[in-house]
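Shown next as structure tokens: one chain only, the form predicted alone.
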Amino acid sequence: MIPSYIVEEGVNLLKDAGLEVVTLFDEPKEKVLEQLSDYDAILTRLTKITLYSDTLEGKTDGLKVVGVHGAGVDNIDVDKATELGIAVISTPEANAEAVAEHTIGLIIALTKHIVKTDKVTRAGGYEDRDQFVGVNLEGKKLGIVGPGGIGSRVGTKMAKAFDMEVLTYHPGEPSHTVPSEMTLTNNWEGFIKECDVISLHCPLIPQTEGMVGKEEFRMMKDDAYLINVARGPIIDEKALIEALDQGELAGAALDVYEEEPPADDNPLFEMDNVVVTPHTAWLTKETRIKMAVDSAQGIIDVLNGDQPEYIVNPEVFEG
């Protein structure tokens, strides 16, 4: 069952594998949850459905696998799924290039005042251009929080193009080798104080929720920039608004928010030192296809009794 739209390449792969595919794109979330036990697999996207302990309990008798059309699995109670023997798969590499490119775009937009000067120019303010003095990225210190597939791309080949020095901090132990071009530090306070640009690329887990808050903003350089293309609740949004108001950092660029969709009257939308996009860092033609295909293939693997490449809870295959 697929409760929200994915591109046809993923749907066709499932059908070609001999699976009956039911799409419920227009059904309310509550109705989708009521039908979980009728299906062997569900392929879900973050914005349409959430699966937590209270919805999994007693409604998953036939469910064998939950496929997430995306990298993050914070909308799934993985522990409960594992307890019930339900495999959880994701697509951690599918969006890496797109999100990394979007990150660099946000950094450039902030440091070069591209959004502000676009508006001013369109409004006939060409002669006001001297008010918008940007900064060079060359020689600046870029801080990557989470040196995974996305963070590593930003911190190596992309930062290298601008001759930036790159520090990285991982909230916990890195799951793979950190590239040599990035200097790994365990000193969170020093990391916050040193970096000119801080870019968040870590998952939303208990130890990262609210990890950038009042204390971090007080420690940041007042000409530093903050980028978040990971998950909104990693930042204390109220503290960010206060910090921007008080000049504790130069600006922020956000693709994700504490609540999604964000409220129309979110104060961040009125700030001219903030660049916002609607959780679209991943949204490219190539990524949509790769996410759909990767998640579909993972489901096929599980239903065939094989362990998929991107399994979140491999414990269900043990024993």
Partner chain sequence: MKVIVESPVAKEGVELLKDEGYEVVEIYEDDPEVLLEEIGSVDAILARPTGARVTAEVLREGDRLQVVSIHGVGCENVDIDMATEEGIYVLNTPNANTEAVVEHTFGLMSNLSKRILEADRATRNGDYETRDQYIGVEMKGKTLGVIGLGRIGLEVGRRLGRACGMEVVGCDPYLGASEFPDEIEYAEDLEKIFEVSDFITVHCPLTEGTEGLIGQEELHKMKESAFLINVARGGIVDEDALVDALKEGEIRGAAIDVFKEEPPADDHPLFDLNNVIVTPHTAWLTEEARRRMSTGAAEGIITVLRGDIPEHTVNQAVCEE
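Numbering follows the first chain given and starts at 1. Being a predicted model, the structure only gives us computed values, none of them experimental.
What comes next is about the form predicted in complex with the partner chain, which is not displayed.
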Looking at Val276, Leu63, Leu33, Val293 here, can you tell me which has any non-hydrogen atom within 4.5 angstroms of the partner chain in the model of the complex? Val276
Since exactly one of Ile89, Cys195, Ala81, Leu106 fits, which has a heavy atom within 4.5 Å of the partner chain in the model of the complex? Leu106
Heavy atoms, 4.5 Å, the partner chain in the model of the complex: which of 138-146, 73-81, 230-238, 243-251 makes the cut? Say which one. 138-146
Please check if Thr117 has a heavy atom lying within 4.5 Å of any heavy atom of the partner chain in the model of the complex. yes
With a 4.5 Å heavy atom cut-off, would you call His102 a contact of the partner chain in the model of the complex? yes
Taking heavy atoms only, is Gly124 within 4.5 angstroms of the partner chain in the model of the complex? yes
At 4.5 Å between heavy atoms, is Thr287 in contact with the partner chain in the model of the complex? yes
In the model of the complex: members of 260-284 within 4.5 Å of the partner chain, any heavy atom: Glu260, Pro261, Pro262, Asp264, Leu268, Phe269, Glu270, Met271, Val274, Val275, Val276, Thr277, Pro278, His279, Thr280, Ala281, Trp282, Leu283, Thr284
